[in-house]
Every structure is written in structure tokens, then in C-alpha cells.
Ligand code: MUC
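The chain below stands alone, shown as C-alpha cells; this is the form predicted alone.
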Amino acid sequence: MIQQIETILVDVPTIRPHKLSVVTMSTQTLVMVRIVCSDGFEGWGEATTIGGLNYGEESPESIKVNIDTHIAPLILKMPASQVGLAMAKINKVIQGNRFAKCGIETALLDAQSRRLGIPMSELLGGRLRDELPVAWTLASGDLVKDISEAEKMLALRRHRIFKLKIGLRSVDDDVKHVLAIKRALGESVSVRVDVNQAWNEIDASRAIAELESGGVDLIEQPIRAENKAGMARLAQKFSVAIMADEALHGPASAFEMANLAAADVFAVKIAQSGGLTGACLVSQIAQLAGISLYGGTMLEGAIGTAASAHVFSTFKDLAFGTELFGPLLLTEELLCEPLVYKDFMLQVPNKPGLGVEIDQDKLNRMRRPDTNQSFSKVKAA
């Protein structure tokens, strides 16, 4: 039986300012979800988003309130092992709230796979790989700093795929910045850009032509997510891969994008998909439509990153790798043993459940002051 659900906010500084076209981050708020079951098993999930309401319609605070007030009471006392049934009830009653649902589903799957003594990936169809290539995002906005940071990551053998966050400056300045970094890093390094919807279609056409000729190999969400027809025109016009990100809100939007041939690549995110099973459905739609896959991130901490790694390890196609670097952007580690990054890869945990353990002392020390006295708890009567 699902006995107790707890939601915790944890504010963690980043190692440097992280500049997107919609927000500059110096702190990431992790939304942690803990589910305690009557048989003694418990599971952890994460429902982290980016920049409050700058990125999407859910904020850390709204996620916590909606889980505590509306979602948790729906599933208390339900059988903890029947994850699909619990999520079906939530999806029937609760509209939207994809991030909150993802946190709940992750925690339920973590508890169930621990109960069965298997890694979470085996509940999701079975892993096909034990390690995942990981991109690093260069988002300082400073040319010298970005090049130096990339060279450091190459020397450490941690990343050889680099994505640049652009869209804050003029289109011409952004293109010059990206191409200068590409020239500095050379042909053996993959350089990509994420525009976060900042361009209009005319500017995007001009900029993508220059970036393509300069050796950039992926353009992420160059125009507004709702302009699906524009995305289709860009995908058809250029050889460089055009990737959908903000346009993907789960299987239904993935199906629409596939029908329109509006992207060459899907950035799959467990939170944007409404959970792990939703992300798996998005990947299946993409593969049936001949669309390549990329494992995306909402800059989650270790729990969300581990959950994403389990999902992405089951994908038959992962042609463009992943960007599961979220924990590396944070100044604090919440796990007893950190996730392992080596030789340009993230090692997918292979212990039962998520395969990671929360350091309770660190969590208690770092949780937001308004929840310091105790977890915000919803218990079965």
C-alpha cells in the first residue's frame, strides 16, 4: 500500500551562471518526491524544472503544492506495486502537470523495481546499453571562457559533444560566437546549438545556413514551439539536423510532429513527457517515423538524471547521445555515491531501482527552510 508521499524543495547553487535565452540560472531548485510503502520499500522521484515559470507552466512551488494537495491524496492506500493503475487514476483526474506526474511515477517505479530486486530499466523494456554519451552545455556567453571550459572537459575525458545556448544576443553575434568555438575545437568535436525558441523563421533560415556551412551538426528548437509548420519547413530546407524540444509535450505532440515531419531529431525528456512511460512512447513514435533520438534534460539533479539514464538505456536508437550533465552543473552532491562519468560516458546504474541512494544528512541540511522542520507529508489515515 502507498502509505506516505513527501515533497521536498532543495535549492542548489550552480558552478557558474547558466545562460539560456529565457533565463540565467545561478541556482537550481530540485523538487524531490519520496514515496513510502507499507511493506517497507520506498522510492524516490524528481520533478525539477528550469527557471521558475520562465521555461514552462510548472514551477517548483506549484509542483509541490499540486502533489501535496491534489495528486498524493488520489493514490494513498492504493497498491504500491500497481504503478500503471495509480498513474491511470492520476491522469484521469489531473490535467497537465507533466513534471509533477513524472516525479510521482519515478518514485513508484523506483520502489517497485527495488521490491523486485531489478534495475528500473528492466521494468521499462530492458536496457540495451550500460553507458550513455553525454554532451556538455557551454552557457557562459563568453567566448574565451566557453573555449577554455570545452578544452578542460576534453582533457578530463568527460565530454566531447558541446551544445551552446544562444538566443540572447543578435543573430549575427550568436552565429559568430558559435563558429569561433567550432573553429577552436576542431573537426573531431561535435558542436551543437540550442536556441530555446528565440528566433523567427526568417532569422532562423539565415542563421542555420551559416551554422550548417560552418560544421555545426544540430540545431535545437530554433523557433517557437507552436510554429510546427515552420519547423517542418526548416527541417526540409537544411541538411543539418533540426531538433524539437519545447514542442514535445508527450506522446500526442510527438505524434503530431512526426506526422508533419517537423523535426529530424526528438529531444526526449522524462518530465516533458509526463513520466518515464510517456518518454518511452515518444521514443517509439520517433523510431516508427524514422526520427532520431536525443536524451534531453531539465537540468535535474542525480535522481532525475538516473531515472532518465534508465529510460534512455532502453532506446534502440540514440544517434545524437544525451545531455545528462545536470548533477555536474551543481555545487552539491545529494547521493551517497555520485553517478559515474568517465571516458565521455555516463554509466547507467545497475543496482535495484534507480540504483542510487540519497544522503539523508545532506538532504536535511539543504532542504528549503520552510520545510526544515519536517517533510511536507501526506499520509494514509
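Values in this document were obtained by computation on a predicted structure and should not be read as measured data. For every residue, the number given is its place in the sequence shown, counted from 1.
Below, we turn to the form predicted together with this ligand, even though it does not appear here.
Within 4.5 Å, heavy atoms only, one stretch in 350-358, 334-342, 49-57, 66-74 touches this ligand in the predicted bound form. Which?
Correct option: 49-57.
Evaluate Lys165 for contact with this ligand in the predicted bound form, applying a 4.5 angstroms cut-off between non-hydrogen atoms, and reply yes or no.
So Lys165 counts as contacting this ligand.
Are any of the heavy atoms in Glu105 no more than 4.5 Å from a heavy atom of this ligand in the predicted bound form?
Glu105: no, not in contact with this ligand in the predicted bound form.
With the partner left out here, check for me: in the predicted bound form, does some heavy atom of Glu246 sit within 4.5 Å of this ligand?
Yes.
Contact between Phe325 and this ligand in the predicted bound form at 4.5 Å, heavy atoms?
Result yes; Phe325 sits at the interface with this ligand in the predicted bound form.
Quick one: from Leu299, Leu276, Ala306, Val191, grab the residue that has a heavy atom within 4.5 Å of this ligand in the predicted bound form.
None of the others qualify; the residue that does is Leu299.
Counting any non-hydrogen atom inside 4.5 Å, which residue from Lys269, Lys101, His159, His310 sits next to this ligand in the predicted bound form?
Of the candidates Lys269, Lys101, His159, His310, Lys269 is the one lying within 4.5 Å of this ligand in the predicted bound form.
Taking this ligand as it sits in the predicted bound form, which residues of 130-156 have a non-hydrogen atom within 4.5 Å of it? Please list them.
Only Thr137 sits within 4.5 Å of the partner.
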